[in-house]
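Coming up is one lone chain in structure tokens, specifically the form predicted alone.
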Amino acid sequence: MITTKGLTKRFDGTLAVDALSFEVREGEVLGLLGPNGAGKTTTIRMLAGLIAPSRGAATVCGHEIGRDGAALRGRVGLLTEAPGLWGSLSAKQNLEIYARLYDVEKVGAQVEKYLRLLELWDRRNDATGTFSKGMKQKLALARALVHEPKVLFLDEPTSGLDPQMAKLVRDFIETLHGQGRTILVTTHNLDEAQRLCDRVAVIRTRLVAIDDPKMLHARLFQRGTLVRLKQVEARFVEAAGALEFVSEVRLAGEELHVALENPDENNAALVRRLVEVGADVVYVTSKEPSLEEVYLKLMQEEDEA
């Protein structure tokens, strides 16, 4: 549904996006991750047909950016970080204007559908200038969907929202995913990305890595085991670290975080050794690195490179 080849953007000599090449498959949610200034929003603006690339090419829903602008914009929905609504108009009026711009056939029905889905129907006649940030974000999401686009670009969809409102937006994105929509989402919330995304692309002007989060985990980190002890002593850490299949032991409170080869085979020997030296083992569980740890590791490698 989305293909980029060498996509590049410069602003007054400043390189904002450098030769991005990746694909977003039909029905997939791809998370675009990176620090501030990495080019995430610029990438979305190019793919949505709002700005032209300096070099390279991309197609979205079969339309080439920079050439099929009007047709492209009719096939995609865009949620910007700033909602950009008409504050003096009602929620219903805001959506009706965009529905007509998109040549929606049954304007009233579509507007009502999305106002109800996003729990705004009771406030349909209120000026959007009176809405909270969360309500404005929901209305902006309704605006992005009113013409039933196949592809959605969501730029920081939960930024600045309280936990309850952020969960509602996340749940709605999961619903859209379940309907087979193709979604490219930028976020600084790495826990959110891990829950929502089929794959993540980490960029820092250029593409650093792209894969399923679990595959990135496996590529960057050795598998690990978390051992909770009743009481931690230095000799327990030393005993675990001396095992030939253990590469690292890290202490965190009453827990040992052990990096080791083949945990399924070696966990029993690890526990046996800890018990031999007098440790009281409360429980043992597998330890998977978080997406935050993966992201920070990639950023560190990029700095070193």
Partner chain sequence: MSYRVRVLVRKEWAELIRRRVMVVLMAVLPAGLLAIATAGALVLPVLMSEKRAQEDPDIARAFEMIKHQAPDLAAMGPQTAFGILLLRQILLLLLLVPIIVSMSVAAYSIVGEKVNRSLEPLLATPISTRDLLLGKALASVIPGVGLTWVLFGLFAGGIAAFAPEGVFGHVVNLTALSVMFLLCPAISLLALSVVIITSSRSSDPRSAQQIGAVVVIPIVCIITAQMSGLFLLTPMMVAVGTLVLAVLDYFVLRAGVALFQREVILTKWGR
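This one's a predicted model, so the numbers in the text were calculated from it and none came from an experiment. Positions refer to the first chain, counted from 1.
Beyond what is shown, the protein has a form predicted together with its partner chain; the following relates to that form.
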property: Pro83, Gln93 and Tyr102 all contacting its partner chain in the predicted complex, non-hydrogen atom within 4.5 Å; result: yes
property: Listed range touching its partner chain, judged in the predicted complex by heavy atoms within 4.5 Å, from 229-237, 162-170, 102-110, 131-139; result: 102-110
property: Exercise: Gly74 in contact with its partner chain in the predicted complex, heavy atom 4.5 Å; result: yes
property: Distance check, Arg143 to its partner chain in the predicted complex, heavy atom within 4.5 Å; result: yes
property: Contact flag, Gln179 vs its partner chain in the predicted complex, heavy atom cut 4.5 Å; result: no
property: Its partner chain contact at Ile51 in the predicted complex, heavy atom, 4.5 Å; result: yes
property: Contacting member of Leu207, Leu118, Leu190, Ile97, with respect to its partner chain in the predicted complex [4.5 Å, heavy atom]; result: Ile97
property: Within 4.5 Å of its partner chain in the predicted complex: residues from 1-32 (heavy atom criterion); result: Lys9, Phe11, Asp12
